[in-house]
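Just one chain is shown here, as structure tokens, and it is the form predicted on its own.
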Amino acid sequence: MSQPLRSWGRYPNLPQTGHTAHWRSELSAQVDAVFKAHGSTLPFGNGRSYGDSCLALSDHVVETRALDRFISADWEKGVLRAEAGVTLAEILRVSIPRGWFLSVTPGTQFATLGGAIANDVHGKNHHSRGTFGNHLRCFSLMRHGEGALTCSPGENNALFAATIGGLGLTGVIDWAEIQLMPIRSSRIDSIVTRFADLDEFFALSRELDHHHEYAVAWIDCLAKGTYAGRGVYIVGDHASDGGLNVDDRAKLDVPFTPRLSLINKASSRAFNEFYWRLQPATPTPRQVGYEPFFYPLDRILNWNRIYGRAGFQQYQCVIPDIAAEAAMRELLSVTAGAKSGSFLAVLKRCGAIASPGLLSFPLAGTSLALDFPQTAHLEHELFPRLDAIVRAAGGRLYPAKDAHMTGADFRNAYPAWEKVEALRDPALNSRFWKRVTG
């Protein structure tokens, strides 16, 4: 039995007791034993989900991180099969030197393969390649009382669709097979420019997104007046040369959790001002390694500790294209006037590529992600105001990042939830699922 486990946001503070499965052959018995003893369980990978979607209703989870073996690889076609506990970083370590990269990657390489499927993660290239589920060939799903079922677009299709973005509720994935994308270099050719307001961001996005594999923006969510909506726009493509090298730079670490958050409105405002002025005023080419481009926060291990013992919440929403510009202005205006500032604010436009997953988060529109130190103010004042804007604009929140969404908002935004509930493994349930489905 392992040490108590928590979600990445450390809120809600509900430590999980982990029961480790070291081998795939042990997985079914482990799930059965925890279910019998505690009434429910949930698969738990590397703990990179932010809210309560990775927390079992019983607070007893089956740890899958030890299932970290590669099963097979076709390096001519870029097809890789691995156990669900393998992290994206471990995949990149073996695939990059052979000229292959993840077709879709989120903002951390420390998520597991199973977690990437369960949350149907997306990244900076959603407009060009969709979600992680769009590049998933098949997987094995261990279900209570049924054993292992192979799921793919042509086999057990209903479970395939329900499991992609299904938050670990349809069964425990023990292995998965994905399609990688070919690269000639692990370095990224990027173009960086700062923008003065949201109008300029949307103009840059409409002009440049479709010319590049990757596109994202950092935004100063505390700026007001003439500076409101300013930020830094970044596009990128895999370089044609520069070597196929894995980034092995030493990581920094936050060694302890301070009593109070080191992030506040004053520190966030100072950082935002400095960072914005540091960036070029005109489009400027840069070549960078893949790690600082995709995973800047991964350089600092345990960075979530800087928010203190109370933890933090991320607010991530997506707004349909038709309402995105007006809604983003409202969201940023409310955020700029809030008591607590967001240290990290990411803005990006999503494309129209449909995911095979029933509960996939992205839609054709604009996504905004904000991190806030946990306080009572968030759920009693700030988040209800933000939720009202998202609701009126026909948007939705990301379950993988959520710790507050109302059941009504979830059920309205994800009407396929009933199909997932119908296919939910009876041994599996989460704090999130109980909260939003009742």
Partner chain sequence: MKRILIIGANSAIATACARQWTAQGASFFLVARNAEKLAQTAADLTARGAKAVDVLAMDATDFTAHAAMLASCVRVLSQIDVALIAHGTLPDQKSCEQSAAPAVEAFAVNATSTVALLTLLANQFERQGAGTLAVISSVAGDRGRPSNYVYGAAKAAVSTFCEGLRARLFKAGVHVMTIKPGFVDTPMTKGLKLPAALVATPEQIARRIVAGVERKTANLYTPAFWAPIMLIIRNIPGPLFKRLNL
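Residue numbers count along the first chain shown, from 1. Values in this document were obtained by computation on a predicted structure and should not be read as measured data.
Below, we turn to the form predicted together with its partner chain, even though it does not appear here.
The partner is absent here; in the model of the complex, the one residue of 189, 220, 209, 83 having a heavy atom within 4.5 Å of its partner chain is 83.
Interface residue among 72, 284, 245, 302 relative to its partner chain in the model of the complex, by the heavy atom within 4.5 Å criterion: 72. Using a 4.5 Å cut-off to its partner chain in the model of the complex, each of 22, 26 and 98 places a heavy atom inside that distance. Of the candidate stretches 378-386, 408-416, 61-69, 44-52, only 61-69 has residues whose heavy atoms lie within 4.5 Å of its partner chain in the model of the complex. Taking the partner from the other structure, its partner chain in the model of the complex has a heavy atom within 4.5 Å of a heavy atom of residue 30.
Taking the partner from the other structure, its partner chain in the model of the complex has a heavy atom within 4.5 Å of a heavy atom of residue 94.
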